[in-house]
Every structure is written in structure tokens, then in C-alpha cells.
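Shown here is one chain on its own, the form predicted on its own, set out as C-alpha cells.
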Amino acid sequence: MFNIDLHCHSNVSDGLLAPAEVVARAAANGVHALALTDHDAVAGLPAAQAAADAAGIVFVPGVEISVTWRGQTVHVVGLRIDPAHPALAAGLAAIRRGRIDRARRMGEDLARSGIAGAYEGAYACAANKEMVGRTHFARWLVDTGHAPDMRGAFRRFLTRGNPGYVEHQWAALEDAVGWIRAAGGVAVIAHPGRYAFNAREIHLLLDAFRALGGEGIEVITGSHHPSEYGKWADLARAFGLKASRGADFHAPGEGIDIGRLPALPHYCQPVWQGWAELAGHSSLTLA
């Protein structure tokens, strides 16, 4: 089976491993093609590309862009992007500037709940100081005994209605898709099962995304329970969207490991179908 993983993170955003280490782990896990998709940042792509070339892995330059749609956060993955494209670079820089302000407000909210030092702790956990995010806060909460594990940290803190959650305005959906397309990339909605939308809202999101030029949604992802794979495969087909596959790997021991996902349902059209860089690989529709 051709093993393709199109969603993972390095310590350039909220992963624990350096870009080259992510690629090495992917190679050890039998991945044939890999996309590095750090949150709102592309600084890890050159090192990942070099490591992938050395390991014989097909590398797909990517990014995961934070979006606000109908008052909720949605993530849009861009695949096969030109990271140097001016519109994309400027848009990502603007998002990163807002991240530090959000992180400070998260720390202040946790302090009001009796948990002091959270911003400083999360800041220390982040290798890239521009990219302090919820995962860094969650790791600090686990390390300091405020939560039993990462899942517990997000369940008790950092999510809507809980300490550490603050409202923040990210990029507009039309801007994120526009940046990705301008940079020659393919726009994919990340882990759609994670969002607190009802069925009507999901349909509206998929309609709007497709109308803007979005091309795919993640069907097989570490954020979806296996019982949900069929639902998202059916929705992809119903809305004329291609299917993607990515572990959303952040760190060893946190969720599904890189490259360890099952194959796409056989009736899905893979988002990578027809990509020239994959020419010559067999069984492309299986993974």
C-alpha cells in the first residue's frame, strides 16, 4: 500500500520534533509521501524537504491556516503550496502576530481561575516563540499536574466555556482559500469532525468552501473516530470534494502516529490523484 500522510506538525508550530525529525519518523513508519503542515508557518519546509530528499520520500510543502467561520475556528490545510508566494506569506505573518496576543489573554484567563504562570510556561514549551498556542498550554498543564494528559487538558481547559479559552478572530475563509490558491496550492478542510457544527452548518461550510475553490476534506485523520470515516467520505462525494488522509501528528504518544492511518474508502477520489510528483508510484488510490 502506498502510504501518504498529508497532515503533520513540527516544532515550528506546536509539534515536539524538529522538521527533519518528523521526516525521519515518517520514513521509519513506512511513509512514501509526506506533507508538513505547520500552523500558520512555513519556516520548517526547507529542512523537511532536504530530509525527505535524503530519505527518498516524496515531500509535499504544506501549511495549516487558522480561520474563523461563523464564530468558530476552522483549519484549512494548504497542500503543494509555494511558501514564498507574497500573498500567502503576508497572510500567515498577520495571523502569527495575533497569536502572541491571544496567548497572553489565555494566560490571564487561566490566572483568574487560579492557575498562575501559564503563559510563561507555554512560552517556554514553544520552540518557535511566534507560535505559542493551545497545545503548548496543554503540555504545560500536564507537566505541572493541572491535567492528567493532553486530552484531559483540552477537556478541562482551553476549549469554549472552560478556563483558558478566549475568543480570537483568525483569517476569513475566503482569504485562507485565496492565499492557498494564489500560491498554487490545493485547499483542504482539516479534521471536519472536530468542529461543533450541526449538520446544516457543516453543509453550509462545505458549500461555501467549494464555491471559493476549496478542493478537499480530510476523511481519514487522527481526529476522527473510525466510525466517522464513512460519514465524511459520503459528504466528500456528495459535495464534489476530494478526500485527504493525514494523522495530524504532533508528538510521539500524542494521538495517532504519523503514517499509521487506514486507507481511504475505495469510492473516494484521493486529493493526490494525478499529482505529477507521485507519478510512477503504484496503488495510489489505496492509501
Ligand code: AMP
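Numbers for residues come from their place in the sequence shown, where the first is 1. Everything numeric in this text was worked out from a predicted model, so none of it was measured.
Another form exists, predicted together with the ligand; not displayed. Remarks below refer to it.
- Candidate site formed by R181, R210 and K242: none of these residues places a non-hydrogen atom within 4.5 angstroms of the ligand in the predicted complex.
- Contact with the ligand in the predicted complex, judged by any heavy atom within 4.5 Å, is made by just one of R194, R112, R104, R156: R194.
- Proximity to the ligand in the predicted complex, defined as a heavy atom within 4.5 Å, singles out one entry of H85, H146, R80, R99, which is R99.
- The stretch among 129-137, 113-121, 85-93, 195-203 whose residues place heavy atoms within 4.5 Å of the ligand in the predicted complex is 129-137.
- At the 4.5 Å threshold, heavy atoms of H39 reach the ligand in the predicted complex.
- Using a 4.5 Å cut-off on any heavy atom, the one residue of 73-97 that reaches the ligand in the predicted complex is H75.
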